[in-house]
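In the block that follows, a single chain appears as structure tokens, in the form predicted alone.
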């Protein structure tokens, strides 16, 4: 479990995000929702150590800021929202996810190769492993980076809008995959602007409003928070009847 207490982070001395009390648990997907600029991405960057934080962030009894980069990378994998177009093959990119578990020689063993293949198969990219990342569509590049994250084989996944660039079919596949990974015991945090999708796949939802977080609530209770959703996100949820998602957006 990752436990956050009085967690604060920002840029140039200005506080961007503040979390009084939040738990990221094994076997659950926590959805972070909020308007643009609310602090969702800042939170993920601070938790993974890209920017500093104040307050407590305890991972299984150890303060995250006290971990080395290598130690942290063995526990937490992070997928940013902005993905660069690198000059390497899809397979090589996925193999980068194994670096924290390899010796300093960076020579891949059988276990590393198996992890990379499994990650590429999960993201439907095994057949594309020899293609250059530069040749991929935006959605394919998103899945290639997700394969790198999955190959890291961490207990926790921090994913900044993991389905944003994907077509509908691959969005569903990725969200179903994340649901399966959480069922296998992973602790997963995703940021999203897709309220119906989050309500369908997340176990708990935490809304970030102007840098402050609400208490995480079960996703099933989200639709009943009509006034709260309208005030913080500008929309509400209404039952959809039959279909993939139980709710649709409403104003």
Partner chain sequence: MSWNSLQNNKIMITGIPVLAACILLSLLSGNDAVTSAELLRVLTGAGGSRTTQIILYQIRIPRTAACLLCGSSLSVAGLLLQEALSNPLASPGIMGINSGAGLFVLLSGICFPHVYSVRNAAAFAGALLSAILVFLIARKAGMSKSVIILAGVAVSSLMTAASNTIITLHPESVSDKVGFSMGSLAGIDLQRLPLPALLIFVGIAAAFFLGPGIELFAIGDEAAQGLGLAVARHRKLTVGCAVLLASAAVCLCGLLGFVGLIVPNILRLSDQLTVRRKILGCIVWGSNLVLVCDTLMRTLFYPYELPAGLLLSLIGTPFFILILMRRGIRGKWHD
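Numbering follows the first chain given and starts at 1. This is a predicted model, so every value here is computed, not measured.
The following text describes the form predicted in complex with its partner chain, which does not appear among the structures shown.
For the options 175, 166, 157, 93, the one in contact with its partner chain in the model of the complex, meaning a heavy atom within 4.5 Å, is 93.
Partner proximity in the model of the complex, defined as non-hydrogen atoms within 4.5 angstroms of its partner chain, places exactly one of 176-184, 136-144, 83-91, 120-128 at the interface: 83-91.
Taking non-hydrogen atoms only, residue 53 never approaches its partner chain to within 4.5 angstroms in the model of the complex. Using a 4.5 Å cutoff between non-hydrogen atoms, residue 210 does not count as a contact of its partner chain in the model of the complex. Proximity of residue 73 to its partner chain in the model of the complex: non-hydrogen atoms within 4.5 Å are present. Contact annotation: residue 49 falls within 4.5 Å of its partner chain in the model of the complex, judged by heavy atom distances.
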